[in-house]
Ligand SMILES: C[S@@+](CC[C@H](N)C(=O)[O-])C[C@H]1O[C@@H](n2cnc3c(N)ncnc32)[C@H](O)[C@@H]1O
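In structure tokens, one chain follows: the form predicted alone.
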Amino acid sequence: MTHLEPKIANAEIPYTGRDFGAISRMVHAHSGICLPEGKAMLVYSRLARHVREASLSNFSDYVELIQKDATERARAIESLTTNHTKFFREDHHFLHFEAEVRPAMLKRLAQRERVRIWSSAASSGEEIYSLAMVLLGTDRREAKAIANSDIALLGTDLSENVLSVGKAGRYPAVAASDIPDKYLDLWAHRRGAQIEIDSTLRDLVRFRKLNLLNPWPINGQFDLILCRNVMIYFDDATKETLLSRLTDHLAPGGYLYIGHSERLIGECASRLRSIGQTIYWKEPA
């Protein structure tokens, strides 16, 4: 693409196809996210504010800035990262977890074994908190015993901004409509125009910044990994590499949940068995 559509090219801040190409290549190299030409307007709308704040008059100068300034580059990439999520999104995963995975985990915890769960693209935390609600259940006494067992839940994401929301555990009150009543009354408390996740859950979950394309400072394997609705932005080579690494970090007998429009590709497809809608199981050796 050498020229953008007039409605973009004639925008308030000069913006060319070359600018978009440079930004899209930078985003792909850093995060694996692909930005096709149809995303040119999205890039403009999300970065125009940064261009103004940098007191620059055009996107070409901003491209030059983010090529040299790592802090501003990270800020730009974070602005271009999609973070759409909600509580109990794609509820078939939580139903499977409640019926098939949770009972086995509770049995292992009762036998003083360890359980590890990883939400690898956790965004602002709704996914991992939904899972924590199901795990702890609806009985306070049982929940306390579970929380005091050898269990750890990890939520990681590329964006510091969304991770800070997860750590705080506060969401708009409208989010309560996505939480089943049996969990809502116990694990989310209304605070004016917000709901606050119960401290038992907040203490159970650890949020960490992690770029899935970079080396992972993670030891050991997980009994359940969620990597949902992030691979849709990657090219096939990136998906294949990521899925292989996720499978390596999945314990034998563990489960992988992916997004509703995603599929396994590459060598991991022979290492995992499909047992439900976007639910995969790693058979014990």
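Start at 1 with the first residue shown and count on from there. Because the structure is predicted, anything quoted here is derived from the model rather than measured.
What comes next is about the form predicted in complex with the named molecule, which does not appear here.
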Taking the named molecule in the predicted complex, would Gln111, Arg114 and Leu201 all count as contacting it (heavy atom within 4.5 Å)? no
Could you spot which one of Ser149, Thr138, Asn211, Gln194 gets a heavy atom to within 4.5 Å of the named molecule in the predicted complex? Asn211
Quick one: find which of 244 to 252, 224 to 232, 35 to 43, 63 to 71 has residues within 4.5 Å of the named molecule in the predicted complex by heavy atom distance. 224 to 232
In the predicted complex, does Ser123 come within 4.5 Å of the named molecule, counting heavy atoms only? yes
Is Arg190 close enough to the named molecule in the predicted complex to count, meaning some heavy atom within 4.5 Å? no
Counting only non-hydrogen atoms and a 4.5 angstroms cut-off, does Lys107 reach the named molecule in the predicted complex? no
Would His96 count as a contact of the named molecule in the predicted complex, using a 4.5 angstroms cut-off between non-hydrogen atoms? no
Just to make sure I understand: among 150 to 168, which residues lie within 4.5 Å of the named molecule in the predicted complex, judging by heavy atoms? Asp157, Leu158, Ser159, Val162
